[in-house]
Every structure is written in C-alpha cells, then in structure tokens.
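A single chain, nothing else alongside it, follows as structure tokens in the form predicted alone.
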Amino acid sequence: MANRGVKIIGMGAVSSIGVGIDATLESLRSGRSGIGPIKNCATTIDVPAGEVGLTDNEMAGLLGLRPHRHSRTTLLATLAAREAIGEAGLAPDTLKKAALISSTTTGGMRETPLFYAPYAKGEGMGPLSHAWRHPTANHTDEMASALGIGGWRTTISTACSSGANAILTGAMMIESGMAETVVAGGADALCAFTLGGFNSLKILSGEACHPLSEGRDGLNLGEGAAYVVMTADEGKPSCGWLSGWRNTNDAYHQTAMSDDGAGCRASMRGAMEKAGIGPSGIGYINLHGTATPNNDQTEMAAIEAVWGGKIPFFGSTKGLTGHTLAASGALEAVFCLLALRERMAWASAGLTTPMEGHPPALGSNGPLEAEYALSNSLGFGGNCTSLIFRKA
C-alpha cells in the first residue's frame, strides 16, 4: 500500500543557476549552466566551478545582516532557508518551536585561512571569529538566530549525502511526532580546501563536466544551499510529499563506490519499500551523477539491477550546478519537486556520447506524467541515500 508520506509546504534554493526558486526553475527549463571560471574563491587551482554570483556582502545586504560577521556557508544557508520559510508562510510563533536540521561539509573552512595563515607565518593569529566559524555546527546556530528558529536543531555531515540525510531525518521527526514543523536541507561554499582535496584525488575536470557520458573525465565542484519545510499540519497546502527514504552504507572504500553499486541499490529499494511502491511507480530519477568514471558506472549498474530494461526517465543535473557537496541532496530534492510540479523531466546537462553499454540519459527536457520521482545522493565512505517524492 502506498505511503502518503510527509508533507512539504515550502522550498528555497540558491546555486550557480539561480538565487531563488523562480530563477532556478528558469535555468532548469532553458538548460542554462552555471559552471564557469572561479571568480570569488581564492585558489590556485584553475578549473571551472558552479559559483553563486553574489558576494558575501551582497548576500548579507539581502538578509539584513552585518557584513563580515558570517561565513559564506551561513549566508547561503540563510538565504535559501528564508525563501522556504516564506513560501511555507510560517508565523514567528511557529518558527520558535520549529526544528532545524542543516548539513554541510565545508562549514567555515573558506574563512579558516584568514585565521591560520598569519599564524603559520609567525605573525600571530588572525581574527578569532574566523576560528569559531570553522565547525560545521556554527552555520546552523547562526542561521537559526537570523531566522528566529528556536526549536531543536542539529547538524549532519555525511559527505555528499548530507543534504538528503538532513531531509530524511526531518521526515522521521515529523512521522514519529517528535516535531510539528521542520526546516531541513544543506549548504556548502566553494573553498580552497575542498578544491585542493578533490584535485588530489584527480577527479576534477578541466572543462564543464559531462555526467553519464562516455568521455567523462571528472566533476566540477559547486556551491549553494537548499531547504524544505515539512509539517504535520493537515491544514497547510502542499507543494509535494516525501513518501520514501532510505540510508545505507556499503563501507566499500573511502572515496569510491562498489563496482555493483550495492549501497545505492539497497537505498533505492529501501526507499521504494518505505513509499509502498515498486520500480514501475517511479517516473523520473535524478542521479547523483557526478561525471567521475567510478560514480556514473556504478550508479548505472545499481539502477539497471533494480529496473532491468524498463528504466524511467533519468539524468544528472550536476552539469548545471556542479557538485555542491552537502547541498546537492537538498538542491536535487527541490529539482525533483519542481519536475513533478512542472510535469517536466530535466535533461542530463552536459551529456555528449552516452555511456557505452547503458541506456542513454535524457538529452533534453521531456514531458513527465508521473506521480513519483527519486533522487540519489551518494557520499564518500559509501553513505548512500535515496529519497522518493510524490507530487502535490
């Protein structure tokens, strides 16, 4: 029997393809990529990335916050969550009791060198505020303060599945009666540390990435944030439902997936079991699809094992946004909700020659008459999460 799931009443998004849902949707419809030269992040690594086109001061101005007092991760998170709260129409009294579950991998790492660099040169410490913004939980505390969210809060960091796991955790809190209203999602800012780390793994592409393509040679990093508001309030209008979810871990390798995609296979099947539907019920799959040789090959192996020869529309949107790390699962949750609302399956951006031996991903946007969409988020260490959304 199908599970109605947890009601979603608001969503907000910020990424290189748009600040806000309207701008994001316009880019999804047109296939406009936000990947280009890095302009605002101090790095010696010359690769393209999906950078949000606002400075920290501009974001602080939009939020009415004092410049130079918050990490870029905090600013991205607060901007996206504010939009979700606005769409949900949450009153201040509701926000005071709402739970907040945010996620990040970089936290305040972008600003940490401003504290550490003078110290490393023997010039004494930099501003201490940059040190206390480093921990991942700092952005959650600061956005809660800025937005007036006063309930229980926590921060999740499970690599690239973090945003999806934040949403999953929020849904479990609603379902169990632990919370009436939850704001959940993720945020990450581009920083030199993560650019250097991914570069050391030799999985950064020197050009705009080509997910699910035969000639793919690596990913583009990106930055952004996305949040959804979930509620147990029956009277609130819905913009979609989270009907199924599952988190698994294949514990295969620190940075690679198992060849047969065992973890992803299990998370997709578990999410469908929770939703009470079979593979034929899914009309669109948003793949994790990073454009690395390992990820795309193993994720497709998992999908083929679950769907056989009857795979629904599928593709990757990371050719538009880049890989936004903790934010990616939350951003792509929003993309799935928009796909169901707009009745449009999003093209696999950057697709060139389809992967040999596999069905081709969507080369262009296509009409979508479906009730359910599935989103995969696959993190380092084998942490795999699948979310299933049902249209309003």
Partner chain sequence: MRILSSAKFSDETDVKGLIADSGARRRMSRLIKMGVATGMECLAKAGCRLPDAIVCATGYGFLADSEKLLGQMFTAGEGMMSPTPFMQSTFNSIGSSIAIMTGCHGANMTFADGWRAVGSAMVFSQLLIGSGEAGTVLLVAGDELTPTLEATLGRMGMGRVGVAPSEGVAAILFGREGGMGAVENLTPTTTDHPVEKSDWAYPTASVMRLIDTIAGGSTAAYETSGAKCIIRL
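It should be emphasised that the depicted structure is a prediction, and the values quoted were computed from it without experimental measurement. Positions refer to the first chain, counted from 1.
The discussion below concerns the form predicted in complex with the partner chain, not included here.
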- Message: Contact with the partner chain in the predicted complex for residue 128, defined as at least one heavy atom pair within 4.5 Å: yes or no?
- Response: yes
- Message: Test of understanding: in the predicted complex, would residue 308 fall inside 4.5 Å of the partner chain by heavy atoms?
- Response: no
- Message: I'd like to know if residue 236 sits close to the partner chain in the predicted complex, meaning any non-hydrogen atom pair within 4.5 angstroms.
- Response: no
- Query: Looking at the partner-bound form in the predicted complex, is residue 272 within 4.5 Å of the partner chain by any heavy atom?
  - Reply: no
- Query: In terms of non-hydrogen atoms within 4.5 angstroms, which of the given stretches 73-81, 115-123, 209-217, 313-321 touches the partner chain in the predicted complex?
  - Reply: 115-123
- Task: Identify, from the list 231, 157, 94, 205, the residue with a heavy atom within 4.5 Å of the partner chain in the predicted complex.
- Result: 157
- Residue among 148, 89, 293, 135 with a heavy atom within 4.5 Å of the partner chain in the predicted complex: 135
- Message: Suppose contact means any heavy atom within 4.5 Å; which members of 163-197 contact the partner chain in the predicted complex?
- Response: 165, 168, 169, 172, 173, 176, 178, 192, 193, 194, 196, 197
